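This document opens with one chain alone, in structure tokens, the form predicted on its own.
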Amino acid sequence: MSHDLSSISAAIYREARLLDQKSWKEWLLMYEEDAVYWAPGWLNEYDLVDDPDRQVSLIYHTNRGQLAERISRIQSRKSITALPLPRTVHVISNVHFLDEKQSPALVSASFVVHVFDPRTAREHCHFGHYEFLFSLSGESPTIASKKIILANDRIPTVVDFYSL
């Protein structure tokens, strides 16, 4: 099966824009109900954890409902780590298939997220790679899973879905 990389790239760019605009309701709709959202931790200099149920992850959600709950906490202002919310700019590049024939489509992209914290007036960036599984059964690609491989895991502040 051949996939259309331009429509998948557009979906990745759209997801990044929605995060930067804090349009989380629309962002959430890009995910399938049983979508997995995972930012694994590093075991050592070279290896990531491979079992999110038994090893430490930076973020691990196993369905869209868990992501919705996180958004709800932020919007209710019960999450003191997100007060005030940082401003972000996601920059995406190098979007390509990891396996062109796989369905759902397995796609990788590189990212840099610039983060400005208005509370401290400090900025930093997160960078690494995304690995997406995109379902192509509907009108537009939907995210079946997103794995965030954070290359600079010496994190000066909290990370959350909006800053990765």
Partner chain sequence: MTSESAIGSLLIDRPQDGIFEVARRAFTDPEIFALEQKYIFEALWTFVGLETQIPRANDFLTTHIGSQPVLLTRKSDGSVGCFLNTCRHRGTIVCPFKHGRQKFHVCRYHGWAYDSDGRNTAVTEEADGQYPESFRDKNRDLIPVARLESYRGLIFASLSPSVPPLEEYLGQAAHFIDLIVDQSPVGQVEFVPGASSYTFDANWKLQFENGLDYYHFNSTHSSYVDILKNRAVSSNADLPREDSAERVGQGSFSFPHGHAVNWSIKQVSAYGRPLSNDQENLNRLTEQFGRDRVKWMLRQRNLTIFPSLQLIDISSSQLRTWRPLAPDKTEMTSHCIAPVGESAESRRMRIRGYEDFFNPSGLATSDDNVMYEYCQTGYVAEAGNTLGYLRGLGSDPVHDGPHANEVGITPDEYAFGAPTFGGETNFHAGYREWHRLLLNAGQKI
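Residue numbers count along the first chain shown, from 1. Everything numeric here is computed off the predicted structure, so don't read it as measured data.
Unshown form predicted in complex with its partner chain; subsequent notes refer to it.
Just one of Leu43, Val112, Leu29, Leu98 comes within 4.5 Å of its partner chain in the predicted complex, counting any heavy atom, and that one is Leu43. Not one of Lys22, Cys125 and Ser140 comes within 4.5 Å of its partner chain in the predicted complex, counting any heavy atom. In the predicted complex, no heavy atom of Val89 sits within 4.5 Å of its partner chain.
In the predicted complex, its partner chain lies farther than 4.5 Å from every heavy atom of Glu33. A residue is said to contact a partner when one of its heavy atoms sits within 4.5 Å of a partner heavy atom; Tyr130 fails this definition for its partner chain in the predicted complex, lying far away.
At a distance threshold of 4.5 angstroms between non-hydrogen atoms, Arg64 is out of contact with its partner chain in the predicted complex. Interface residues of 130 to 164, taken as those with a heavy atom within 4.5 Å of its partner chain in the predicted complex (partner not displayed): Asp153, Arg154, Ile155, Pro156, Thr157, Val158, Val159, in sequence order.
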